[in-house]
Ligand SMILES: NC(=O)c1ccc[n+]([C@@H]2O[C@H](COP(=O)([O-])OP(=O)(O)OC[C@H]3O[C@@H](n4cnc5c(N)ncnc54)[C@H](OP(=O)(O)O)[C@@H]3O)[C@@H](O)[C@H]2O)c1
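Here you get one chain, nothing else, as C-alpha coordinates; it is the form predicted alone.
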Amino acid sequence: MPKAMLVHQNGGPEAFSFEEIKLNAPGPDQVLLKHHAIGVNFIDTYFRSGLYPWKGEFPIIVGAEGSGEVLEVGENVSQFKAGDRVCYTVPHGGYSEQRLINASQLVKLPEDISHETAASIILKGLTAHYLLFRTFEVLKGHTILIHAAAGGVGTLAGQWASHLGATVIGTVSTEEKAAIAKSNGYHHVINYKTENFVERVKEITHGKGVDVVYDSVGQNTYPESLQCLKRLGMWVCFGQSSGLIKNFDLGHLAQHGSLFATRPTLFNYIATREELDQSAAVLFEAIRTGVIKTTIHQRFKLEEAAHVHQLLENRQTKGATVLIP
(Lines give C-alpha, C1' and ligand atoms only; values in the text may rest on other atoms or scores of the structure.)
Protein backbone atom coordinates (compact mmCIF):
# COMPACT_ATOMS: atom_id res chain seq x y z
CA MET A 1 0.00 0.00 0.00
CA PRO A 2 1.22 3.55 -0.68
CA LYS A 3 2.25 5.77 2.22
CA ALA A 4 1.59 9.39 3.07
CA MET A 5 2.41 11.97 5.72
CA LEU A 6 -0.78 12.17 7.79
CA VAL A 7 -1.86 14.85 10.25
CA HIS A 8 -4.33 13.44 12.79
CA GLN A 9 -4.78 16.76 14.57
CA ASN A 10 -3.49 20.27 13.99
CA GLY A 11 -0.17 21.10 15.58
CA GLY A 12 3.52 21.65 14.99
CA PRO A 13 5.75 19.66 12.64
CA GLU A 14 5.62 16.78 15.12
CA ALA A 15 1.97 16.29 14.10
CA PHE A 16 3.12 14.42 10.98
CA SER A 17 2.94 10.61 10.89
CA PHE A 18 4.23 8.51 7.96
CA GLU A 19 1.61 5.81 7.42
CA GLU A 20 0.07 3.53 4.84
CA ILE A 21 -3.11 4.78 3.18
CA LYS A 22 -5.83 2.96 1.30
CA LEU A 23 -6.77 4.31 -2.12
CA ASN A 24 -9.77 3.14 -4.06
CA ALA A 25 -9.88 2.91 -7.83
CA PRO A 26 -10.42 6.33 -9.39
CA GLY A 27 -14.05 7.38 -9.55
CA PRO A 28 -15.75 9.33 -12.32
CA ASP A 29 -13.63 12.31 -13.44
CA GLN A 30 -10.73 11.17 -11.23
CA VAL A 31 -7.16 10.05 -11.87
CA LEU A 32 -4.87 7.83 -9.78
CA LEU A 33 -1.49 9.54 -9.76
CA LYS A 34 1.95 8.29 -8.73
CA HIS A 35 4.15 11.10 -7.48
CA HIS A 36 7.71 11.54 -8.71
CA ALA A 37 8.27 14.81 -6.84
CA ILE A 38 6.29 16.96 -4.41
CA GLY A 39 6.66 20.68 -3.81
CA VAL A 40 6.87 22.30 -0.37
CA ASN A 41 5.18 25.64 0.33
CA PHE A 42 4.28 27.82 3.29
CA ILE A 43 0.59 27.13 2.69
CA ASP A 44 1.31 23.53 3.76
CA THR A 45 2.26 24.76 7.23
CA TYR A 46 -0.98 26.76 7.46
CA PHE A 47 -3.15 23.66 6.96
CA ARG A 48 -0.97 21.52 9.25
CA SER A 49 -1.06 24.06 12.09
CA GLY A 50 -4.71 25.00 11.69
CA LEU A 51 -4.07 28.62 10.67
CA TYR A 52 -6.16 27.73 7.64
CA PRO A 53 -9.13 25.79 9.01
CA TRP A 54 -9.63 22.28 7.64
CA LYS A 55 -13.19 21.80 6.44
CA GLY A 56 -13.11 18.01 6.11
CA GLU A 57 -12.40 15.12 8.44
CA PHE A 58 -9.06 14.15 9.95
CA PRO A 59 -6.53 12.76 9.26
CA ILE A 60 -5.46 15.22 6.57
CA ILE A 61 -2.71 15.20 3.96
CA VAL A 62 -1.20 18.59 3.18
CA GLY A 63 0.77 19.49 0.08
CA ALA A 64 -0.28 21.90 -2.66
CA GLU A 65 1.81 20.91 -5.68
CA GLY A 66 3.25 17.79 -7.24
CA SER A 67 4.28 16.03 -10.41
CA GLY A 68 4.10 12.44 -11.54
CA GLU A 69 2.53 9.94 -13.88
CA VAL A 70 -1.02 8.77 -14.37
CA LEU A 71 -1.53 5.17 -13.23
CA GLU A 72 -5.24 4.83 -13.89
CA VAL A 73 -8.19 6.96 -15.00
CA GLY A 74 -11.84 6.85 -14.04
CA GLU A 75 -14.97 7.20 -16.12
CA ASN A 76 -15.45 10.37 -18.15
CA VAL A 77 -11.71 11.13 -18.21
CA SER A 78 -10.73 11.60 -21.84
CA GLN A 79 -7.87 14.11 -21.76
CA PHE A 80 -5.48 11.87 -19.79
CA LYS A 81 -4.40 8.22 -20.02
CA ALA A 82 -2.14 5.85 -18.08
CA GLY A 83 1.50 6.86 -18.47
CA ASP A 84 0.87 10.56 -19.05
CA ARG A 85 3.24 12.97 -17.34
CA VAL A 86 1.22 15.50 -15.36
CA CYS A 87 1.55 18.14 -12.65
CA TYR A 88 -0.87 20.12 -10.51
CA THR A 89 -1.45 22.62 -7.78
CA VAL A 90 -4.40 22.17 -5.38
CA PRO A 91 -4.81 23.17 -1.72
CA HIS A 92 -3.92 19.78 -0.21
CA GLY A 93 -3.17 16.07 -0.68
CA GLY A 94 0.37 16.23 -2.03
CA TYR A 95 2.47 14.62 0.72
CA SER A 96 1.80 11.10 -0.52
CA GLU A 97 3.36 8.43 -2.70
CA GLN A 98 0.11 8.13 -4.65
CA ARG A 99 -3.13 10.10 -4.67
CA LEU A 100 -6.53 10.44 -6.28
CA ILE A 101 -7.16 13.79 -7.94
CA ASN A 102 -9.78 15.31 -10.20
CA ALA A 103 -8.65 15.35 -13.81
CA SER A 104 -9.80 18.97 -14.06
CA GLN A 105 -6.97 19.96 -11.72
CA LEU A 106 -4.17 18.40 -13.77
CA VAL A 107 -2.11 19.82 -16.60
CA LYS A 108 0.04 17.82 -18.98
CA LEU A 109 3.74 18.20 -18.31
CA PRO A 110 5.86 18.83 -21.41
CA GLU A 111 8.58 16.25 -22.04
CA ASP A 112 11.32 18.88 -21.80
CA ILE A 113 10.44 19.84 -18.21
CA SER A 114 11.46 17.45 -15.41
CA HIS A 115 9.20 16.22 -12.64
CA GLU A 116 11.37 17.92 -10.00
CA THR A 117 11.25 21.22 -11.84
CA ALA A 118 7.47 20.97 -12.23
CA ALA A 119 6.92 20.09 -8.56
CA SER A 120 9.15 22.94 -7.47
CA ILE A 121 7.54 25.56 -9.68
CA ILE A 122 3.92 24.87 -10.63
CA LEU A 123 2.33 26.56 -7.59
CA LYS A 124 4.97 29.23 -7.16
CA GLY A 125 5.22 29.89 -10.90
CA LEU A 126 1.47 30.20 -11.38
CA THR A 127 1.43 32.48 -8.34
CA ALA A 128 4.13 34.70 -9.83
CA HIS A 129 2.18 34.74 -13.09
CA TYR A 130 -1.11 35.93 -11.65
CA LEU A 131 0.61 38.49 -9.40
CA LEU A 132 2.62 40.08 -12.21
CA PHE A 133 0.14 39.78 -15.06
CA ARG A 134 -3.34 39.85 -13.55
CA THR A 135 -3.48 41.26 -10.00
CA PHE A 136 -1.25 44.19 -10.98
CA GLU A 137 0.07 44.20 -14.54
CA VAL A 138 3.78 44.95 -14.29
CA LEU A 139 5.05 46.93 -17.26
CA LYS A 140 8.35 48.35 -18.41
CA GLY A 141 9.19 51.37 -16.27
CA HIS A 142 7.37 50.25 -13.14
CA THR A 143 9.23 50.06 -9.84
CA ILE A 144 8.09 47.23 -7.57
CA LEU A 145 8.87 45.87 -4.11
CA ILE A 146 8.76 42.15 -3.33
CA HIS A 147 9.14 40.89 0.22
CA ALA A 148 10.78 37.47 0.85
CA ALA A 149 12.83 37.98 -2.29
CA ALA A 150 14.90 34.82 -1.80
CA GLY A 151 11.89 32.56 -1.34
CA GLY A 152 10.20 30.32 -3.88
CA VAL A 153 7.76 32.89 -5.27
CA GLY A 154 10.20 35.73 -4.70
CA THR A 155 13.00 34.31 -6.84
CA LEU A 156 10.64 33.57 -9.74
CA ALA A 157 8.84 36.91 -9.51
CA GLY A 158 12.17 38.75 -9.45
CA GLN A 159 13.35 37.10 -12.65
CA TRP A 160 10.04 37.56 -14.43
CA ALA A 161 9.52 41.19 -13.39
CA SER A 162 13.05 42.09 -14.42
CA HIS A 163 12.43 40.50 -17.83
CA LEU A 164 9.29 42.63 -18.14
CA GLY A 165 11.41 45.76 -17.72
CA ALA A 166 10.55 46.72 -14.15
CA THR A 167 12.99 47.97 -11.53
CA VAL A 168 12.79 45.28 -8.87
CA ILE A 169 13.47 45.87 -5.17
CA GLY A 170 13.47 42.97 -2.72
CA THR A 171 13.73 42.44 1.03
CA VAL A 172 15.54 39.56 2.73
CA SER A 173 16.70 38.60 6.22
CA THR A 174 20.34 37.56 5.64
CA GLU A 175 23.27 38.46 3.42
CA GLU A 176 23.21 34.93 2.00
CA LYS A 177 19.62 35.46 0.90
CA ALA A 178 20.56 38.87 -0.48
CA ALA A 179 23.05 37.16 -2.79
CA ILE A 180 20.33 34.75 -3.94
CA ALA A 181 17.95 37.63 -4.68
CA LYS A 182 20.59 39.53 -6.63
CA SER A 183 21.16 36.47 -8.81
CA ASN A 184 17.42 36.30 -9.54
CA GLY A 185 16.74 39.62 -11.18
CA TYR A 186 16.65 42.06 -8.25
CA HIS A 187 18.22 45.43 -8.90
CA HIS A 188 18.18 46.45 -5.22
CA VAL A 189 18.12 44.15 -2.19
CA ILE A 190 17.40 45.34 1.36
CA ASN A 191 18.35 43.33 4.43
CA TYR A 192 15.53 44.29 6.77
CA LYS A 193 17.50 42.99 9.76
CA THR A 194 20.12 45.70 9.33
CA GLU A 195 18.26 48.39 7.34
CA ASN A 196 14.92 50.15 7.57
CA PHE A 197 13.24 48.97 4.38
CA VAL A 198 10.85 51.94 4.22
CA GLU A 199 13.70 54.43 4.34
CA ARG A 200 15.74 52.45 1.81
CA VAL A 201 12.83 52.23 -0.63
CA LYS A 202 12.35 55.99 -0.38
CA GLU A 203 16.08 56.46 -0.99
CA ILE A 204 16.15 54.11 -3.98
CA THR A 205 13.08 55.73 -5.56
CA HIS A 206 14.17 59.30 -4.72
CA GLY A 207 11.16 59.71 -2.48
CA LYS A 208 8.59 58.65 -5.06
CA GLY A 209 7.80 55.16 -3.74
CA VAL A 210 6.96 52.02 -5.70
CA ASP A 211 3.98 51.21 -7.92
CA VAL A 212 3.16 47.96 -6.15
CA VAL A 213 4.25 45.97 -3.10
CA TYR A 214 3.96 42.18 -3.25
CA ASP A 215 3.79 41.07 0.37
CA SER A 216 3.73 37.44 1.50
CA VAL A 217 5.01 38.21 5.01
CA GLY A 218 1.95 39.81 6.58
CA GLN A 219 1.96 41.02 10.17
CA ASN A 220 5.66 41.95 10.34
CA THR A 221 5.52 44.14 7.22
CA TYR A 222 2.22 45.92 7.90
CA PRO A 223 1.64 48.85 7.79
CA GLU A 224 5.19 49.69 6.71
CA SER A 225 4.55 48.23 3.25
CA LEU A 226 1.97 50.94 2.67
CA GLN A 227 4.57 53.61 3.39
CA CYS A 228 6.64 52.34 0.45
CA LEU A 229 3.93 53.00 -2.14
CA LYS A 230 3.35 55.85 -4.54
CA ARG A 231 0.10 57.76 -4.44
CA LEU A 232 -2.59 55.40 -5.84
CA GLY A 233 -0.21 52.45 -5.53
CA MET A 234 -1.30 48.88 -4.80
CA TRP A 235 -0.50 46.65 -1.85
CA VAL A 236 -0.87 42.98 -2.73
CA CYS A 237 -0.92 40.85 0.42
CA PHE A 238 -0.82 37.27 -0.84
CA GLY A 239 0.48 35.46 2.26
CA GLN A 240 1.27 35.76 5.95
CA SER A 241 4.44 33.86 6.80
CA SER A 242 4.88 36.03 9.94
CA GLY A 243 1.25 35.70 11.00
CA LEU A 244 -2.16 37.09 10.14
CA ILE A 245 -2.61 40.84 9.97
CA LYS A 246 -4.90 41.61 12.89
CA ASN A 247 -4.93 45.39 12.85
CA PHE A 248 -5.78 46.25 9.24
CA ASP A 249 -7.23 49.76 9.04
CA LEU A 250 -8.87 51.02 5.85
CA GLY A 251 -7.96 54.52 6.96
CA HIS A 252 -4.29 53.74 6.37
CA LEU A 253 -5.00 53.47 2.64
CA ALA A 254 -6.27 57.05 2.57
CA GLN A 255 -3.47 58.36 4.78
CA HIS A 256 -0.74 57.00 2.50
CA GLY A 257 -2.15 58.21 -0.81
CA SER A 258 -5.54 56.67 -1.63
CA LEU A 259 -3.93 53.26 -2.00
CA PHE A 260 -5.43 50.06 -3.29
CA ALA A 261 -5.19 46.81 -1.30
CA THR A 262 -6.06 43.25 -2.23
CA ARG A 263 -5.75 39.79 -0.68
CA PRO A 264 -5.65 37.41 -3.67
CA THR A 265 -5.19 33.65 -3.75
CA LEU A 266 -4.02 31.55 -6.67
CA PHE A 267 -6.97 29.19 -6.80
CA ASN A 268 -9.36 32.02 -7.66
CA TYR A 269 -7.20 32.77 -10.71
CA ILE A 270 -7.14 29.20 -12.06
CA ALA A 271 -10.71 28.23 -11.21
CA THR A 272 -11.63 27.18 -14.76
CA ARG A 273 -10.02 24.72 -17.16
CA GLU A 274 -9.33 27.55 -19.59
CA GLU A 275 -7.64 29.73 -16.97
CA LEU A 276 -5.50 26.85 -15.71
CA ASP A 277 -4.36 25.78 -19.17
CA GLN A 278 -3.63 29.33 -20.30
CA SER A 279 -1.64 30.18 -17.18
CA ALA A 280 0.29 26.89 -17.29
CA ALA A 281 1.14 27.41 -20.97
CA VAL A 282 2.59 30.86 -20.22
CA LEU A 283 4.57 29.42 -17.30
CA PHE A 284 5.96 26.48 -19.29
CA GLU A 285 7.01 28.81 -22.10
CA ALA A 286 8.78 31.09 -19.61
CA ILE A 287 10.66 28.07 -18.26
CA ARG A 288 11.44 26.73 -21.72
CA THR A 289 12.82 30.06 -22.97
CA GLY A 290 14.85 30.72 -19.83
CA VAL A 291 12.85 33.77 -18.74
CA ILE A 292 12.55 32.10 -15.34
CA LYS A 293 14.62 29.35 -13.79
CA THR A 294 14.04 27.46 -10.59
CA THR A 295 16.87 26.35 -8.33
CA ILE A 296 16.09 23.43 -6.05
CA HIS A 297 18.16 24.14 -2.96
CA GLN A 298 16.79 21.34 -0.79
CA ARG A 299 15.73 17.75 -1.56
CA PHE A 300 14.35 15.51 1.17
CA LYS A 301 12.61 12.17 1.40
CA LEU A 302 8.84 12.33 1.83
CA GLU A 303 9.11 10.89 5.34
CA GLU A 304 11.33 13.85 6.35
CA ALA A 305 8.49 16.35 5.95
CA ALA A 306 8.43 17.24 9.67
CA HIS A 307 12.06 18.33 9.53
CA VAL A 308 11.37 20.28 6.35
CA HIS A 309 8.54 22.19 8.05
CA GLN A 310 10.84 23.05 10.96
CA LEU A 311 13.34 24.54 8.53
CA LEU A 312 10.62 26.36 6.61
CA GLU A 313 9.01 27.95 9.65
CA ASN A 314 12.41 29.00 10.99
CA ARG A 315 13.18 30.61 7.61
CA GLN A 316 16.14 28.30 7.09
CA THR A 317 15.29 27.31 3.52
CA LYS A 318 16.30 29.03 0.31
CA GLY A 319 14.61 28.89 -3.07
CA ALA A 320 12.65 25.72 -3.81
CA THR A 321 12.35 22.55 -1.73
CA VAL A 322 11.04 19.22 -2.99
CA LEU A 323 10.10 15.94 -1.35
CA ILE A 324 10.95 12.72 -3.17
CA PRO A 325 8.65 9.71 -2.48
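Remember, predicted model here, so these are calculated numbers, not experimental data. Position 1 is the first residue in the sequence shown; the rest follow in order.
One more form of this protein exists, namely the form predicted in complex with the named molecule; it is left out here, but the text below deals with it.
J.: If you check in the predicted complex, is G233 within 4.5 Å of the named molecule, heavy atoms only?
T.: No, no contact at 4.5 Å.
J.: State yes or no: in the predicted complex, is some non-hydrogen atom of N10 no more than 4.5 angstroms from a non-hydrogen atom of the named molecule?
T.: No, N10 stays farther than 4.5 Å from the named molecule in the predicted complex.
J.: Evaluate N41 for contact with the named molecule in the predicted complex, applying a 4.5 angstroms cut-off between non-hydrogen atoms, and reply yes or no.
T.: Yes - in the predicted complex, heavy atoms of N41 and the named molecule come within 4.5 Å of each other.
J.: Evaluate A148 for contact with the named molecule in the predicted complex, applying a 4.5 angstroms cut-off between non-hydrogen atoms, and reply yes or no.
T.: Yes, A148 is a contact residue.
J.: Which residue among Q240, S114, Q105, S162 has a heavy atom within 4.5 angstroms of the named molecule in the predicted complex?
T.: Answer to the contact question: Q240.
J.: Select, from the options 53 to 61, 284 to 292, 262 to 270, 30 to 38, the stretch whose residues sit within 4.5 angstroms of the named molecule in the predicted complex by heavy atom distance.
T.: So the stretch in question is 262 to 270.
J.: Within 4.5 Å of the named molecule in the predicted complex, counting any non-hydrogen atom, which residues from 288 to 325 show up?
T.: Result: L312, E313, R315, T317, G319.
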